[in-house]
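Take a look at this single chain in structure tokens; it is the form predicted alone.
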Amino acid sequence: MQKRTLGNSGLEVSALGLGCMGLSYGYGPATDTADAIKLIRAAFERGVTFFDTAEAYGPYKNETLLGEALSPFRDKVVIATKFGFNFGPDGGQSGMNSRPAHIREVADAALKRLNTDVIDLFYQHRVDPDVPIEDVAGTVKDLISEGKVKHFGLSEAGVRTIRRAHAVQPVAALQSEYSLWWREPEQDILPTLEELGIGFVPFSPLGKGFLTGAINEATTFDSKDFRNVVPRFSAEARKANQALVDRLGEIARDKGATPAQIALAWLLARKPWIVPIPGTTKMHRLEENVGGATVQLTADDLAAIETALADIKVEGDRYPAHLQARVDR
């Protein structure tokens, strides 16, 4: 697999990463540990060197899983994890927390769970309105100088926050949602990242599975699957949004690819510093996603995609209201 560099940071990663959240959290019961380790190692064997986790995924379980899975080749991969929340006794999130002392506590704990001596990319998971971003960036800057962290990242941060943080400690990457069915970052975020030399790591590049074509209005989700509370995944919204998937399927057939591969290839074609991190729990989907990195879209292909999707309006919010409130503007 080809490599890419995240902005001006010098951090080189595979063109596609692996989002590991779903192996432990969010989409129903956690994957069996042995199967999850097998999938993570299979990704590495296929050229993936960029693995994304967070203390919140489990919580804590996903970092421990990743630490075990990647230990045989730790020096050949880039691990990204995140800080920014408190957790109650039951493991549920109990509010944001990016206070400097807490960031340090999370870093030390994550190093142990990941079975490593350094975190390659340390993201603030969500912007904490109660802690100045300069304090957050300054704390990560100190962790970098101490050798515990290599690079600083932000997630779902707005332009003003990005600029303020970057002035204190260069931001290597922003991780936010971006795909053919969520294109808001094109308005202000992408131009800002290009100006400042910051890489972009789109999560949910396949629309939480919807762009694969495997989900329709009749699909039912596990009771623990967070898509049950996402407005964009209501039966009515899925029915309305089927037109997008149908159109994507037509384009994919013309290219001899799958809808998921076209969706990933489209992101890769946007900018050379964009690195999507599709997640999966299934080996055949891993193979399919990795294949998306080999699909070449020409300027004519990209123009045809724009034309084909221009008249389709995606229905439904991407977060329920209480989670949307955590997105920095």
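This one's a predicted model, so the numbers in the text were calculated from it and none came from an experiment. One-based numbering along the sequence shown.
Here the subject shifts to the form predicted together with a small molecule, a form of this protein not shown in this document.
* Asked: Taking heavy atoms only, is T81 within 4.5 angstroms of the small molecule in the predicted bound form?
  -> No, no contact at 4.5 Å.
* **Contact label in the predicted bound form: K282 to the small molecule, heavy atom within 4.5 Å** => Taking the distances in the predicted bound form, the answer for K282 is yes, it comes within 4.5 Å of the small molecule.
* Does V48 reach the small molecule in the predicted bound form if we count a contact as any heavy atom within 4.5 Å? -> V48: no contact with the small molecule in the predicted bound form.
* To do: Consider A172 of the chain shown here, and say whether it contacts the small molecule in the predicted bound form, taking contact as heavy atoms within 4.5 Å.
  => A172: no contact with the small molecule in the predicted bound form.
* To do: Please determine, with the chain shown alone, which of 295-303, 282-290, 66-74, 40-48 has non-hydrogen atoms within 4.5 Å of the small molecule in the predicted bound form.
  => Only one stretch passes the 4.5 Å heavy-atom test: 282-290.
* Any chance all of Y27, T212 and A260 sit within 4.5 Å of the small molecule in the predicted bound form, going by non-hydrogen atoms? -> Contact check passed for all of Y27, T212 and A260.
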